[in-house]
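To begin, one chain is listed below as structure tokens, in the form predicted alone.
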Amino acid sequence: MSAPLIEVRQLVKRFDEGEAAVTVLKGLDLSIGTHEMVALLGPSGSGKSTLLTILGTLMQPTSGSYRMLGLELAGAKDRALTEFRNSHIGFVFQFHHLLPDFTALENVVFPAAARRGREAAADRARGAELLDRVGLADRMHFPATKLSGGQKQRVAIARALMNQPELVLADEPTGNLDRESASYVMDLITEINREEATSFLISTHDETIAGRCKRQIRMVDGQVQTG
């Protein structure tokens, strides 16, 4: 059996605020395999956002182990984490966070340009290919402000895939969309997971969206219950 893409063991995250110290993650264990599409469920305050932030290497745990692609990331230096994140992890948020003065193509290409320190012709070609893949070839040169909510989220998905990450973390990716747009976005994620073997961990409160995933994980009081 191949090694898991992600392996988390006894993960603890505590926020120290004097007498109001709070432990959000409480010895959490989690494994996600390559090519998986997993839903992360749980009530507000259960630790979902904290877990996603740590898995995205944007926050360090208080203790425990977090390995991805066989590398121990807990305790790694900031520069190494930045390089790892840019190469191997993509993000899709509830609020798309597009750069409003950029076109759809410029937004998609931005992660590669930031990593290289410049924009290459090959990056624009891949960005155009991704926008075509998400059904926005005819909106490629539109400013982000001229796109609908569903179109903006499709641009965000294309941007997340720009550097060909093994893992995409999606935090309520359909939370601001109507049902039709949400269904289209999930169709797209399912297709990418199947055809490009990209793993997705999708945080959602929507049981219908969770049901589209191959596995569901429920967080309760800082730990996970695997379904």
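Note that residue numbering begins at 1 and tracks the sequence as displayed. In this text the structure is predicted, and so the values were computed from the model without any measurement.
Separately, the form predicted in complex with a small molecule exists; it is not shown, and the next lines address it.
Undergrad: Consider G56 of the chain shown here, and say whether it contacts the small molecule in the model of the complex, taking contact as heavy atoms within 4.5 Å.
TA: It does not: once the small molecule is placed as it appears in the model of the complex, G56 has no heavy atom within 4.5 Å of it.
Undergrad: So, in the model of the complex, is P173 in contact with the small molecule at a 4.5 angstroms heavy atom limit?
TA: Output for P173 is no: heavy atoms all beyond 4.5 Å of the small molecule.
Undergrad: Would R159 show up as a contact with the small molecule in the model of the complex if we use heavy atoms at 4.5 Å?
TA: The answer is no: R159 has no heavy atom within 4.5 Å of the small molecule.
Undergrad: Determine whether any heavy atom of S49 comes within 4.5 Å of a heavy atom of the small molecule in the model of the complex, and answer yes or no.
TA: Output for S49 is yes: heavy atoms within 4.5 Å of the small molecule.
Undergrad: Given that the partner is absent here, state which listed stretch (182-190, 161-169, 64-72, 37-45) has heavy atoms within 4.5 Å of the small molecule in the model of the complex.
TA: Comparing against the small molecule in the model of the complex, the contact stretch is 37-45.
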